[in-house]
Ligand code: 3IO
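To begin, one chain is listed below as structure tokens, in the form predicted on its own.
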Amino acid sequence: MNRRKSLSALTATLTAALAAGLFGLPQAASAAEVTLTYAFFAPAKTFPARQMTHWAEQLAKRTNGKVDVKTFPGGTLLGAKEMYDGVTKGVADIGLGSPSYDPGRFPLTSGVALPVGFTNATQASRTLWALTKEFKPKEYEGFKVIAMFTTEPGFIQTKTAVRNAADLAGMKLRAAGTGVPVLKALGAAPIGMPMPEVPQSVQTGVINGTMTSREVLQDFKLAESLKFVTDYPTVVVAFAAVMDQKKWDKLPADVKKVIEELAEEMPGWTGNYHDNENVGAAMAWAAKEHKLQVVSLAADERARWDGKLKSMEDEWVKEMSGKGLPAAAYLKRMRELRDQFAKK
């Protein structure tokens, strides 16, 4: 009797399983065949981390769950300074870092952070990706680049309106990386400090403002103190997500195909997210809640500012050419792509 019951139960189980296969009934998801770790140094709410999450979700979806990506934002696995070495050493399979923070290691890519007149993140991100594919910089040897994008250009955000060089002269403004020489050239007094320290430094008068992308007005509630943004785009910060080449080579062909498809999409997706949902929302909030004002430069004043920054391009070309890099060709092509992507 027990044996009959066992056979009956087995038959029912097999029948149900067969029915599920034939008629598309829900079945338990199979475990992922590939697991990847993905590290980033900034908090999960920042737009690069949002890109990381979107990328991981899309890879899992497009491979039907074959790949599981475990994300580690906020420096929980690797910090900014050790990101790329950490990938090489296998601490993380994928690392999202900023070549702009390490121009010595990424000399040709540092050209994207020159003040060449990018107007938004989408334009600059597409330009960076196109340049990297075209020039194939040696600085990425040993890596597979799986995503690239930039911030929007930095804007001067201040307590008092900056309408000309006289207003800016000697003004203490927080800046980082490539923003420092820009502010020096324009006559301001740049001060380096971590972004989380900026709100208190503004309130206590240590600094008069900052120069960075404008989502900080909402993210760090800076619009409560900084009531003016000067409409003069300066320099972007580049980001690159990489995988160790040896790790990449071991991935299944179908997974590689999806990752390469995503690489083509990420500059546009991330740029659009940053420009609209990130910066656009912050500017609208700041204007509505704190009466933020956007200050325009007169045409002749803008031309004078452009002239002061031109020497940065010339110095960069001279320095990089001395290292045997195609700096002049890179800068020329960057301008062409900048104009091409401005029309899209």
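Heads up: residue numbers just count along the shown sequence, starting at 1. Heads up, when I say rigid core I mean the largest set of C-alphas that superpose within 1.5 Å between the two forms. For clarity, every value in this text was computed on a predicted model and none was experimentally measured.
Another form exists, predicted together with this ligand; not displayed. Remarks below refer to it.
Annotated contact segment (heavy atom within 4.5 Å of this ligand in the predicted bound form): 44 to 52, selected among 314 to 322, 58 to 66, 284 to 292, 44 to 52. In terms of contact with this ligand in the predicted bound form, the residue from 82, 102, 93, 215 that brings a heavy atom within 4.5 Å is 215. Checked against this ligand in the predicted bound form, the candidates 237, 128, 162, 188 yield a single residue with a heavy atom inside 4.5 Å, and that residue is 237. Within this chain, residue 195 lines the site of this ligand in the predicted bound form, having a heavy atom no more than 4.5 Å away. Interface membership of residue 211, defined by any non-hydrogen atom within 4.5 Å of this ligand in the predicted bound form, is confirmed.
With a 4.5 Å cutoff on heavy atoms, residue 72 does not count as touching this ligand in the predicted bound form; it lies far away. Contact check for residue 176: a non-hydrogen atom falls within 4.5 Å of this ligand in the predicted bound form.
Contacts to this ligand in the predicted bound form (heavy atom within 4.5 Å) from stretch 144 to 161: 151 only.
Annotation for residue 110: C-alpha shift under 2 angstroms between the shown form and the other one, rigid core superposed. Core-superposed comparison between the shown form and the other one: the Cα of residue 261 travels less than 2 Å.
With a cut-off of 2 Å and the rigid core superposed, residue 85 has a Cα displacement that falls short of the cut-off between the shown form and the other one.
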